[in-house]
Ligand code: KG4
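The chain below stands alone, shown as structure tokens; this is the form predicted alone.
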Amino acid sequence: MILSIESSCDDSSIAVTRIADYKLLFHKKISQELEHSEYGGVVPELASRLHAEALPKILEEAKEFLPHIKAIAVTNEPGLSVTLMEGIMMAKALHIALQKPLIGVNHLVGHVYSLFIEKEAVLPKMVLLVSGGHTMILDVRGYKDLKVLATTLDDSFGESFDKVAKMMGLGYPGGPIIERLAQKGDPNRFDFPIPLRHSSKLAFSFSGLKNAVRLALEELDNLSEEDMADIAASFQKAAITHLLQKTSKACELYKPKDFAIVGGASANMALRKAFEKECAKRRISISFAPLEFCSDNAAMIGRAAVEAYKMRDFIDMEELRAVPRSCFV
């Protein structure tokens, strides 16, 4: 079995995955959303302290598996350095105690393997990764064979939802709040611009759209519930349309047979429906990570780590360190 640890941002999580058949034997996640909500976003130092409290408690629940562990996997990139370090320190302590090898996992790769929890990986795929920190299109051919086809020039898709929610005084995390509001709103009331609509560049951008929402809010007096719902719906429509347009361009260029969407923001049902419709039109198969594994979690880290274990892709304790900003080519 592989024990995996995730602490890249504000979710404390540990999982145990059986190597032979990818069976998820144990998984628990403790979210910090409530603690960070009053600040309108994640406070790194607070997140680190909460990880230091939560991770040992979860490990205590998983202690029956420790005699069977063959490797310890941990997210070491990218993320908040102070929170990554909490998971890394636990992994190193377990490495010393159990004398088992270490596996460092890029949590973006983990998101890709959230598609394959408890099952064999089916590759190659074109993958759209949408989260609070990243928006990118990937050509995925294997655990160590990933190529970035497009990424964001500024904000991520998920981050733009959080910032719009904050502008409207709606709290954190903003994604689910905006999605719920949008269900009650008119998506055509506000004609928000579609980013990079007339650009041939294969890239994403959400800063201009976010600014358009800010200007619309400034023009409204005594913001009503109807206004808020209409802004949420119009913003969501523009953001998803932008994703569709640029992903469609990528499909025309690279002609994938299989397409998938992963990441925390992939839980947005309007996004899922829009891409299902687009892929059906293009006759491309589409898959999504299960809703319970969309956001950061140790189950996806463990599933990715099985691939690393089979390749004997281990890392020395001295080389295992937090890498806040990283990617792959």
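The numbering used is simple: start at 1 and walk along the sequence shown. All values derive from a computational prediction rather than experimental measurement.
Keep in mind that the form predicted in complex with this ligand is missing from the display, and what follows is about it.
*Asks:* Can you say which of 46 to 54, 64 to 72, 278 to 286, 261 to 269 gets within 4.5 Å of this ligand in the model of the complex, counting heavy atoms only?
*Replies:* Among the listed stretches, the partner-contacting one is 261 to 269.
*Asks:* Applying a 4.5 Å heavy atom distance criterion, does residue 110 contact this ligand in the model of the complex?
*Replies:* Although this ligand is absent here, residue 110 would stay clear of it in the model of the complex, with no heavy atoms inside 4.5 Å.
*Asks:* Check whether residue 179 has any heavy atom within 4.5 Å of a heavy atom of this ligand in the model of the complex, and answer yes or no.
*Replies:* Looking in the model of the complex, residue contacts with this ligand include residue 179, since a heavy atom lies within 4.5 Å.
*Asks:* Wondering, does residue 204 line up within 4.5 Å of this ligand in the model of the complex on heavy atoms?
*Replies:* It does not: once this ligand is placed as it appears in the model of the complex, residue 204 has no heavy atom within 4.5 Å of it.
*Asks:* Hey, in the model of the complex, is residue 175 touching this ligand, heavy atoms inside 4.5 Å?
*Replies:* The answer is yes: residue 175 has a heavy atom within 4.5 Å of this ligand.
*Asks:* Would all three of 77, 104 and 307 be in contact with this ligand in the model of the complex, where contact means some heavy atom lies within 4.5 Å?
*Replies:* None of them does, since no heavy atom lies within 4.5 Å of the partner.
*Asks:* This ligand isn't shown here, but in the model of the complex which of 155, 86, 162, 230 has a heavy atom within 4.5 Å of it?
*Replies:* Answer to the contact question: 162.
*Asks:* Counting non-hydrogen atoms within 4.5 angstroms of this ligand in the model of the complex, say which of 234, 114, 131, 247 makes the cut.
*Replies:* Looking at 234, 114, 131, 247 one by one, just 131 meets the 4.5 Å heavy-atom criterion.
*Asks:* Could you list which residues of 280 to 296 come within 4.5 Å of this ligand in the model of the complex, counting heavy atoms only?
*Replies:* Heavy-atom contacts within 4.5 Å come from 294, 295, 296.
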